[in-house]
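So this first bit is one chain, no partners, the form predicted alone, shown in structure tokens.
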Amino acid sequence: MITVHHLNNSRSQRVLWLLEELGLDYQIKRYERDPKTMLAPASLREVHPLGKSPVITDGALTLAESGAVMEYLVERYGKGSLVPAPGTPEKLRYTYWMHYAEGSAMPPLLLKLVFDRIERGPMPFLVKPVARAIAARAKSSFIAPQIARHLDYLEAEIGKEGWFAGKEFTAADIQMSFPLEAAAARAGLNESRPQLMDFLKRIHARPAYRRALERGGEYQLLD
């Protein structure tokens, strides 16, 4: 039996969605973030040394990292679904987007999250103006332009054929959902980029997505 070690409000929601799309049986072991630090509990380190989510166990196998988990599930249980045929241009795009989601899209979004917290977080009175000025400068000169560049790129790419790997929905679209939902929650993705907003509306309407939310519980990205 596949077990998803599911941290609330995290990337592991994508794994639940993929499992629902594949129609697989699975069980959930739940973990809650610390309400003050928003970090995962120490008990997750008993499953994987880094204490991160998502992590799955499948028999004797323990596997972390979103992309690795999703590729394993598709290859082991997908029976050819949710992945383009080998050797096709669509398969190459699929591989690209599976890696792009965490390797390129998420770093500037994570930087924005960190610097947003520096700006509004508690700190000594004398340090506060300097820290906030540095954070604001980093966001305006580097982080915001990088996010805008990625969003412009993604708007053009998703507009080509409707899904990231081509004309068919694949696991790459599930992988790409997290950075786009994060961008909509905290990085200015809105109706000014209609193709991306339409993508989000379409994935949110999928029955498997909704079933994953029902099983996974509240899903609200950190800001």
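Counting begins at 1, following the sequence as shown. Computed from a predicted model, the values in this text were never measured in an experiment.
There is another form of the same protein, the form predicted together with a small molecule; it is not shown, and what comes next is about it.
Peer 1: Even though the small molecule is not shown here, does it sit in the predicted complex so that 71, 97 and 203 each have a heavy atom within 4.5 Å?
Peer 2: Not a single listed residue reaches the small molecule in the predicted complex, so no.
Peer 1: Quick one: which of 189 to 197, 24 to 32, 49 to 57, 152 to 160 gets within 4.5 Å of the small molecule in the predicted complex, going by heavy atoms?
Peer 2: Flagged stretch: 49 to 57.
Peer 1: Does any part of residue 39 reach within 4.5 Å of the small molecule in the predicted complex? Heavy atoms only, please.
Peer 2: Output for residue 39 is yes: heavy atoms within 4.5 Å of the small molecule.
Peer 1: Quick one: is residue 65 in contact with the small molecule in the predicted complex, heavy atoms, 4.5 Å cut-off?
Peer 2: Output for residue 65 is yes: heavy atoms within 4.5 Å of the small molecule.
Peer 1: Examine residue 169 and determine whether its closest non-hydrogen atom to the small molecule in the predicted complex is within 4.5 angstroms.
Peer 2: No, residue 169 sits far enough from the small molecule in the predicted complex that none of its heavy atoms falls within 4.5 Å.
Peer 1: In the predicted complex, is there a heavy atom of the small molecule that lies within 4.5 Å of any heavy atom of residue 4, even though the partner is absent here?
Peer 2: Residue 4 lies outside the contact set for the small molecule.
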